[in-house]
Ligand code: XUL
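Only one chain is given next, in structure tokens, and it is the form predicted alone.
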């Protein structure tokens, strides 16, 4: 098998004093923290689509990058070469997981039957490469948004024939995810939304989306697939409004249609900011509602209003993310998937390594910071003190249901104007800085 990244060897941990850009300064996979190794805490994954299929194209121009594994006129040969390159990259980088869309790994043919045959060929090769390398599939998904047939959505398409096509494609994607031992399967509604309500039956489209997801749950049970189902919230782009706008929107949808026990959420940092939320907020909402499943680790540019999918290098974001993740019990079937792409000017294959190494180091530092926050306990104690009134007296009666409007009115009339207490925001922010 050809070597596609001959200039790069196995990436090693060399410590904080290293100046080697092809080494980890902070991510030490075997280091034990709070009873688990870093690798077990972080569960890093590399995404197939941006890393190996993205060539630098953007809304204003085509790709700028040349990759030696794309150097063939035969689509299936390119697919096989790309898969080989991907597993070489995974193993040299030292991650434990990967993620893919069905159409990333195998090209679409003229018919669904022929497309499925192509997919089976590549999945068989991927299964062997997984066995040879020890790599695992974090999750699979389907691309039901790029082809022109899905221009008006997949599960929410006004055409029942296109709904049927999408269902058939998802069925196959779940099957191959199960075949590869995937620990989860993600539903990302790339075009499940609308551009204008003038031509949209919103209620009916939501009913259809729920029906599609229920079919998937039923089929998952039928074939015995034990992986976790995820929904990935995204607020906009390409449609004016996405039905999976944010974590709260997805949670309400799942509750309405009786699907909340069958799904968790896959939170992406860049999608959070596009929805007008902090990454921290979306993770905290999920943790509070037992919906936190997996994470797409990236970032956006706050000055750009689109999904830039940049590699995560913000220590504050990584620290707060790991703080929420650790306090909610840690990642289990999910992980930290780098749903990120190198910039259009970063045209060399080695830039893929630089980007992932830096991001893995960022989250390793975030993990260590979060552990310090938990073990020190000052932040948690300060928050607990702020809500201390709910642990006794009046607050305890309210929470336990022992006080209603009448009782609260009597209390207020007897005790007068409540005492105000400072929120101490600046003090909390200063405390966070001390950990970072």
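Positions refer to the first chain, counted from 1. All figures in this text were calculated on a predicted structure; none of them were measured in a lab.
Keep in mind that the form predicted together with the ligand is missing from the display, and what follows is about it.
**Q** Taking the partner as it appears in the model of the complex, which of 247-255, 206-214, 108-116, 226-234 has residues with heavy atoms within 4.5 Å of the ligand?
**A** After filtering at 4.5 Å, what remains is 226-234.
**Q** Considering only heavy atoms, tell me if residue 192 and the ligand come within 4.5 Å of each other in the model of the complex.
**A** No, no contact at 4.5 Å.
**Q** Does at least one non-hydrogen atom of residue 48 fall within 4.5 angstroms of the ligand in the model of the complex?
**A** Contact with the ligand, no.
**Q** Please check if residue 323 has a heavy atom lying within 4.5 Å of any heavy atom of the ligand in the model of the complex.
**A** No - in the model of the complex, heavy atoms of residue 323 and the ligand never come within 4.5 Å of each other.
**Q** So in the model of the complex, does residue 90 come within 4.5 Å of the ligand, heavy atom to heavy atom?
**A** It does not: once the ligand is placed as it appears in the model of the complex, residue 90 has no heavy atom within 4.5 Å of it.
**Q** Going by heavy atom distances of 4.5 angstroms or less, which of 307, 262, 84, 120 would be at the interface with the ligand in the model of the complex?
**A** Checking each option against the ligand in the model of the complex, the one that comes within 4.5 Å is 307.
**Q** Residue by residue through 258-294, tell me which have a non-hydrogen atom within 4.5 angstroms of the ligand in the model of the complex.
**A** Contacts from 258-294: 268, 271.
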